[in-house]
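Just the one chain here, the form predicted on its own, laid out as structure tokens.
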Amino acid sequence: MKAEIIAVGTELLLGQVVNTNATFLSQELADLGIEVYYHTVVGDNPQRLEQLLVEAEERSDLIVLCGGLGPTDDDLTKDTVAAHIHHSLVQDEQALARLHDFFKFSKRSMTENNLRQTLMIEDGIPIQNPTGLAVGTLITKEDTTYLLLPGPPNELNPMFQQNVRPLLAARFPQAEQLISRVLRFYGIGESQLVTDLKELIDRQTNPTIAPYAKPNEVTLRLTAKVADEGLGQQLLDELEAKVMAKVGTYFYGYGDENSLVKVTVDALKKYGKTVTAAESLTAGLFQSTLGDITGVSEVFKGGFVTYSAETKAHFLGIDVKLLEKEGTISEACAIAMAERARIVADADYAVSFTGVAGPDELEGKPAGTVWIGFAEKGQSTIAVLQHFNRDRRSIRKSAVMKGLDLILRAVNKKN
């Protein structure tokens, strides 16, 4: 079954809203064995939407439209699709009851245009909205099925998972399904990873390999198209082994929802290790990144933000003479920061960050020059020199990622 997704909304074309619905829907449909061939964005214009529907019918079996189901005059998706397939709009009684309950509970006055949200396409299947008021519709006309969903992701996502997914699975069972596995890599760029995997990529049939570059990392999506899930997992296992043989040294975790910081915190928890940090360049960004992970207090005792030479000396007890001689952007300073942070916090590991975020030079060093110190209980403290590019924000984020990588590698090597 071939599908395409049409996102409706002028705000998407203007860049005021990011089209995250397309990503979510593509993943959900692929999981059902329904392949998405096209993504399109169209403004709140019935003529252009009508033209797009004509084109979509020629190439797709399932057309998913998201957005334009609200109460305002520019919410015309239902009207346009209904007119296109020569059906009327009718009121869904369940959605109407929910609408009245909502305004009664909130003690607000309901305006007449809110009733538009309870309309669905005649002869279609109503799709109830568990977190909003706009009802959706699933309707098949001749060889094409139309699925109309609201635009806000906090409505569309639960609506699809609770009500649409089981409906599509029952009405359109697929002989084959797509089974995917996401591998995440840090420390290698997309171009180098693709070069190292060129032979596998050139020879791919089923399963396939798709690389995706993300800020400071690369992911690989391995996808098998099979009738039997067990066979699919076996094919993915075999392909993953070949990938790991070539680039496994850069691998750190699985899944779309994973991240280097989460994997690092999980590893620290698993082995009962603690970490601290001393930050100059990153000004607390590393510690804030750790703080985003639930349960990090088990492994993170706290840390230090030492943005000046004075605070490096005062908070961490670093010798002022060392700072005067070597400078704050130096190997010696990064080592001293990491050593002292680990000792003062009594942690198993410590990282430190000092450097030039830019845009101007500092201490004669160009923007992007970064020293990252790493201290481990019972081991000699080291510092690594990095040369990051792009803007100030990117340089600081890149430094944080490298610090996480140093910790994760140490934890995994030790255990």
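All residue numbers are counted from 1 along the displayed sequence. Computed from a predicted structure; not experimentally measured.
Just so you know, the form predicted together with a further copy of the same chain exists too; it's not on screen, but the next bit is about it.
Asker: Does G232 make contact with a further copy of the same chain in the predicted complex, using a 4.5 Å heavy atom cut-off?
Answerer: No.
Asker: Should H387 be classed as touching a further copy of the same chain in the predicted complex when contacts are defined as heavy atoms within 4.5 Å?
Answerer: Judged by the heavy-atom cut-off of 4.5 Å, H387 is in contact with a further copy of the same chain in the predicted complex.
Asker: Would M401 sit within 4.5 Å of a further copy of the same chain in the predicted complex, counting heavy atoms only?
Answerer: Outside the cut-off, so no.
Asker: Within 4.5 Å, heavy atoms only: does T249 come near a further copy of the same chain in the predicted complex?
Answerer: T249: no, not in contact with a further copy of the same chain in the predicted complex.
Asker: Whether T23, T40 and F300 jointly form a contact site for a further copy of the same chain in the predicted complex is the question; each needs a heavy atom within 4.5 Å.
Answerer: Every residue of the candidate spot has a heavy atom within 4.5 Å of a further copy of the same chain in the predicted complex.
Asker: Which among 291-299, 318-326, 235-243, 119-127 is in contact with a further copy of the same chain in the predicted complex, heavy atoms within 4.5 angstroms?
Answerer: Partner-contacting stretch among the options: 291-299.
Asker: Heavy atom within 4.5 Å of a further copy of the same chain in the predicted complex: which of I85, V344, A267, A332?
Answerer: By the 4.5 Å criterion, the partner-contacting residue is V344.
Asker: Give me the residue from T195, Q162, Q94, Q204 that has a heavy atom within 4.5 Å of a further copy of the same chain in the predicted complex.
Answerer: Of the listed residues, the single hit is T195.
Asker: Going by heavy atoms, what in 342-380 lies within 4.5 angstroms of a further copy of the same chain in the predicted complex?
Answerer: Sequence-ordered list: V344, A345, G358, P359, P366, A367, G368, T369.
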